[in-house]
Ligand SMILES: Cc1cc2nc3c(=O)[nH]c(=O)nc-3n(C[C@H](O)[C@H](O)[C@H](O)COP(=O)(O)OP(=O)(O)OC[C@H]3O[C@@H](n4cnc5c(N)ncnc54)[C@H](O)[C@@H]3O)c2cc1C
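Given as structure tokens, the chain that follows is alone and in the form predicted alone.
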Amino acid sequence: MEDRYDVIVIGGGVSGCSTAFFLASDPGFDGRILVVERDPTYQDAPSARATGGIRQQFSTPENVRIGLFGSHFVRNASDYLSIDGEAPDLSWREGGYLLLATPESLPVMRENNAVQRAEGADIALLAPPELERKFDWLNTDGIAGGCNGLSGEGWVDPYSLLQAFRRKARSLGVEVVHDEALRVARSGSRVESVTLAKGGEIEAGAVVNAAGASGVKEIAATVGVDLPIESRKRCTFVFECRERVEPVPLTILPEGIGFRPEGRTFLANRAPPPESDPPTRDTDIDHDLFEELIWPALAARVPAFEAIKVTSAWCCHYDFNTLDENAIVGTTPGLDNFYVLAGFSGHGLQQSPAMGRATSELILHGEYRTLDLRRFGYERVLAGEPLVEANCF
């Protein structure tokens, strides 16, 4: 490990490794990059524990565009992430998303669908009879409509995407170290160094804070930046069903419960109710969440799910943005070379290709060159003006 790097990325999850990859692959960059990751097993990180969904069903145009690039990237992963002619296997399944609406939420869904289609997303708005014909396993009682991604939506294996970014970055000369960033030192309007638990103080030309739930807020605080981010636990449950249920997109019920197939099994999760969702870093599985909230809703909407068996479960920790559940990206006022990449609130994996590319553009060019993501800047935090996303699941 050197004593100075042009860019130090704190956090070796999918967003941090994406940033390192896009920087290292840019022909205009010939500097040295260090990625610091405190837990190379990624045991509790969404980068390894997410359900891997990629969608365009958002209400904010920028989020739709981010999702479109995400699907383009994984579809063409061989062009981006191959090493010596060997393409990564991301297990991309273009199974679509299905978001369901009640009569009360259907007007918002219609408005969102208009935004999505205007941005070029291939999303169909289906009435209940159409839903029943396409998905004969679905009970549409109380459902007024649903949006179904016809192409460009689906899911990947999250750990495979993370490792593909990481391996490609390293093949381009990026150095990855197992260490913990303790603090960042600043002088005036610039950060100067990062102090690691084992590696000591290292000079930096620029620093990207992509530390995730395990430390993004704490690292920012060392340079006087207050991020509205908390570590929130999310549990995912794996279950078997006696009956064959297919085809099943990644489905999100009106209650906010999401499920999708995984081979012959299914994955399901949902956020706990707000009163039961404190900041935490514990790793206890909330089995009551499944028994009391998830399973009853699944069984009511999918009759075949009345007889299921949970086979395993795990949890991960989101870097949850308490302001608006949208990412915070870019520099912070008063600091020219300190970049934040945080607050994804569960969307980090699917947004990592676009967000990593955007952060690399800011570092190299001082501006966004592809997608204009200024609406995700820290300025909205200072102003207390949330960027509200009506499809924030």
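Heads up: residue numbers just count along the shown sequence, starting at 1. Note that the coordinates shown come from a computational prediction; the quantities given were computed from them, not determined experimentally.
Another form, the form predicted in complex with the named molecule, is not on view; read the next lines as being about it.
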Please tell me whether the candidate spot formed by D39, A181 and I219 is one where all three residues come within 4.5 Å of the named molecule in the predicted bound form (heavy atoms). yes
My question is simply whether A213 lines the interface with the named molecule in the predicted bound form - judged by any non-hydrogen atom within 4.5 Å. yes
Touches the named molecule in the predicted bound form: Q350 (any heavy atom, 4.5 Å): yes
Should C316 be counted as a contact of the named molecule in the predicted bound form, where contact means heavy atoms within 4.5 Å? yes
Please determine whether N269 contacts the named molecule in the predicted bound form, using a 4.5 Å cut-off between heavy atoms. yes
Based on heavy atom distances of 4.5 Å or less, which listed stretch (342 to 350, 362 to 370, 324 to 332, 62 to 70) is in contact with the named molecule in the predicted bound form? 342 to 350
Heavy atom contacts to the named molecule in the predicted bound form at 4.5 Å, residues of 41 to 77 in sequence order: Y42, A45, P46, S47, R49, A50, T51, G52, G53
